[in-house]
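Take a look at this single chain, the form predicted alone, given in structure tokens.
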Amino acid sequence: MAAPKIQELKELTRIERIGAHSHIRGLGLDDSLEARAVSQGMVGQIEARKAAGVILSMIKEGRIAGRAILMAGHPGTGKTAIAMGMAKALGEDTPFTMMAASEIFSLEMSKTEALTQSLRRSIGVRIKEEAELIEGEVVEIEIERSVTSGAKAGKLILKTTEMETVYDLGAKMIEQLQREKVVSGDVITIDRASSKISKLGRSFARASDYDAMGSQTRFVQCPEGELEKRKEVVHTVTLHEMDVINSRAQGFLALFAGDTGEIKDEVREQIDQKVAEWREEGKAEIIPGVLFIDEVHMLDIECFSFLNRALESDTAPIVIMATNRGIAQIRGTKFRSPHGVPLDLIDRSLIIMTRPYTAEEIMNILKIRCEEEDVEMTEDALDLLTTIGSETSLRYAIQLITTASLVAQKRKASEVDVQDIRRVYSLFIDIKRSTQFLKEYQEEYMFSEIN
């Protein structure tokens, strides 16, 4: 007799990927826009963060739009981190689009179309509409099935603190109630236009009905006043989302398809006219968002000319550009300019400079990254890693944290020690040692050009 096969069960664990800026929670400013030394994952760059905080407060108050901000500084001085901090501080409601300048060089669409889509992704439209709702506590649900036809019918009794009403239910409403698992004692809302049922929570009056309650159970008060109410519902969409919905046959499902392609100017003009009408009627308001373009020196002269014109538009977002170039050639021309950006665009921009980190700031950043990557490190190892970061680069030092942790795990140690840092420092070389190696052995490489 063959032995029965026992199916092997493997425990599944969720893997959390840690990004380069996953530790950023905000700009680390107090109420008076003064930068704290270490706060919300941000370290140092006091002047740059204060300047970003001023821009941020102007964006929130809606006093600034169609402006350009250029963040310039050495590589690895926190330009992208400041942009991430601004995105976190603005919150969900304000559109924030991040892109690298090289993203616009695509075979699928023209450069100006890619920039236009990014600009319109960064403009939000807050649309207000009145909805008729039925809101109340469920007293009782009665569902009956016909013996002959099998059709479902039923009644729903809803109440507020002042009144109680019986509603007849059709098959679709019964299906929705069963899908939402609505039972007596739940507080629900029904949208009269779409017949959508939303469960707000459980009534406080029915809190003692069951001994066992889940931690996620939410208790709410029984609604007051009339059962049928009119409420103002606010939706926030971007201009690009409106463009896609109105230019594709499948409507809003095109947003999930991913293949947006080029959008005709006629569609955009019609949407702009409609939004302007809604603004006059008080139904909508424009929310100027932020477009962050990293490595902006990778744009060419056509893109810079387009940006100059786009910034003068009524519906232009705040464009934040970041670059680590000095005096560099403007792509598409033979001319050189500061940061590789044309002088007319620099003249329209507010420039925020970032400066190299001090040894103390590098140590604080490394401590935060150790916490983020869940790595225990001794003080001596942290001092050595700080020295390496000061002499090479901060990015190189950060990349040694996880690799040193793996070496420590190999020797079954709970903490990363000096020997682990030395081991990974010898395994992975930095740019200075790599350059020195190339100079010594450059004749053995192909296409060597150093005399």
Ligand SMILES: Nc1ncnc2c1ncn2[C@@H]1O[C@H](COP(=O)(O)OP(=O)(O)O)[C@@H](O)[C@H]1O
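Residues carry their position along the shown sequence, with the first being 1. Quick caveat, the model's predicted, so the values are computed rather than measured.
Keep in mind that the form predicted together with the ligand is not shown, yet the notes after this line are about it.
task: Considering only heavy atoms, tell me if residue 75 and the ligand come within 4.5 Å of each other in the predicted complex.
output: It does: once the ligand is placed as it appears in the predicted complex, residue 75 has a heavy atom within 4.5 Å of it.
query: Taking the shortest heavy atom distance, is residue 36 within 4.5 Å of the ligand in the predicted complex?
result: Flag for residue 36 set to no.
task: Give a yes or no for residue 80: in the predicted complex, does one of its heavy atoms lie within 4.5 Å of a heavy atom belonging to the ligand?
output: Looking in the predicted complex, residue contacts with the ligand include residue 80, since a heavy atom lies within 4.5 Å.
query: Counting only non-hydrogen atoms and a 4.5 angstroms cut-off, does residue 395 reach the ligand in the predicted complex?
result: Contact check for residue 395: yes, within 4.5 Å of the ligand in the predicted complex.
- prompt: Only one of 51 to 59, 422 to 430, 405 to 413, 387 to 395 gets a heavy atom within 4.5 Å of the ligand in the predicted complex; which is it?
  reply: It is the stretch 387 to 395.
task: Scan 125, 291, 365, 86 and let me know which has any heavy atom within 4.5 Å of the ligand in the predicted complex.
output: Answer to the contact question: 365.
- prompt: Would the ligand in the predicted complex be within 4.5 angstroms of a non-hydrogen atom of every residue among 299, 330 and 337?
  reply: Heavy-atom distance to the ligand in the predicted complex: none of the three under 4.5 Å.
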